[in-house]
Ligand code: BGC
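As structure tokens, one chain now follows by itself in the form predicted alone.
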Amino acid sequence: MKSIKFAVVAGALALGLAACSGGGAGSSSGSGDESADPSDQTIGVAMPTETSERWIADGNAVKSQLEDAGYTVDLQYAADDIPTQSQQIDQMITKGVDLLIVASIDGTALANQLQAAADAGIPVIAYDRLINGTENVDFYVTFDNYNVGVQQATSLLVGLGLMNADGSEGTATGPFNVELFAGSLDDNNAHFFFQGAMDTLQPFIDDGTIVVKSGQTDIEQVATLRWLQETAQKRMEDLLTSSYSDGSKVDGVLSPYDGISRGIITALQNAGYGDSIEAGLPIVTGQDAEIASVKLINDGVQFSTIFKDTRKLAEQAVTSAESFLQGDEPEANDTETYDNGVKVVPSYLLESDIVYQDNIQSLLIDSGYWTEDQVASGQA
């Protein structure tokens, strides 16, 4: 029954972050010293790419906050190239950094580097993306990634009219044709996003309210390597050719990231769906509140995005780093969820928000994340 479905979705939406008891940082081999002067300590920060404004913002926020605290920072971007990131981290270890903060490109590709860090007594904090297959990751700072997926699916349901923004049942009945996109399979977060979204959408798929006309519902079928906009655009074009040449229309697209969303929207516009939702564009979700997509939401083109305030994530990374360097264990609020295949990594999870056209002002502008001029222009 619909009422059961909405109780489940609303319940998932209402779940907050529950603090877990006994949240230590695990067995860091770092030798923090309360008397150490931050000016004598260097922190290596490895970020995946500068092609996404989100990662540029993360890198700048981490670097500036660490420098404000007195630390020297070695910030490197790896151009989404795994060997480059491995080499950069090797060089940081060789130079003798006191701690590493790593946002990995491939969460399974850094075991050798992290072993070298452990051998050198260097604590490692995984930043937003979990590093898998190694015991030598000491802490993880991120958002509640499963709930991000729930929020993405919820915003899709709101856009289709199946749900209201307050979690109550909408007036639409469907059926609606929806296609699914996921992130890059080598990014651990992509799996959490997709699982949260599918757990939310599955009841609607099961009763026929939502129809995935392509039949592609497994993450391996819908993944987007490296989260690339061009790859997403090509897949959307192929879906339109293979599954919608009979005159049927796409009503909604689950997209896990704003860059992917823009590729999807370009394909749909090129196929004659119109320039806005009002003119016939399907409901398209997103993530990261990138300024180009915030403008699209403001203009009624993209329907929603998920706002993960990178300033807060950077602040938590800095707080955790300072704890290690002072010989303490960072505070964790989750010691159960993030199993990297070797150990459960103690984590600190932050909350995220759904951005719609009508709350851009309150969530993004009033908080100082973007200005009115930036939203209007679509440029940072």
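Since we're looking at a predicted model, the values are computed, not measured. All residue numbers refer to positions in the sequence shown, first residue = 1.
Note that the form predicted in complex with the named molecule isn't included here; everything after this is about it.
Asker: Could you tell me which one of N189, T154, T134, Q229 places a heavy atom within 4.5 Å of the named molecule in the predicted complex?
Answerer: Exactly one residue meets the criterion: N189.
Asker: Which of D128, E179, D144, D98 has a heavy atom within 4.5 Å of the named molecule in the predicted complex?
Answerer: Looking at the other structure, the residue within range turns out to be D128.
Asker: Would you point out which of 339-347, 53-61, 324-332, 37-45 contains residues with a non-hydrogen atom within 4.5 Å of the named molecule in the predicted complex?
Answerer: Selected range: 53-61.
Asker: Might K308 be said to contact the named molecule in the predicted complex, defining contact as any heavy atom within 4.5 Å?
Answerer: K308: contacts the named molecule in the predicted complex.
Asker: Residue-level contact is defined here as any heavy atom of the residue lying within 4.5 Å of the named molecule in the predicted complex; does D288 satisfy this criterion?
Answerer: Yes, contact at 4.5 Å.
Asker: Does F139 make contact with the named molecule in the predicted complex, using a 4.5 Å heavy atom cut-off?
Answerer: Outside the cut-off, so no.
Asker: Give a yes/no on whether F194 approaches the named molecule to within 4.5 Å in the predicted complex, heavy atoms considered.
Answerer: The answer is no: F194 has no heavy atom within 4.5 Å of the named molecule.
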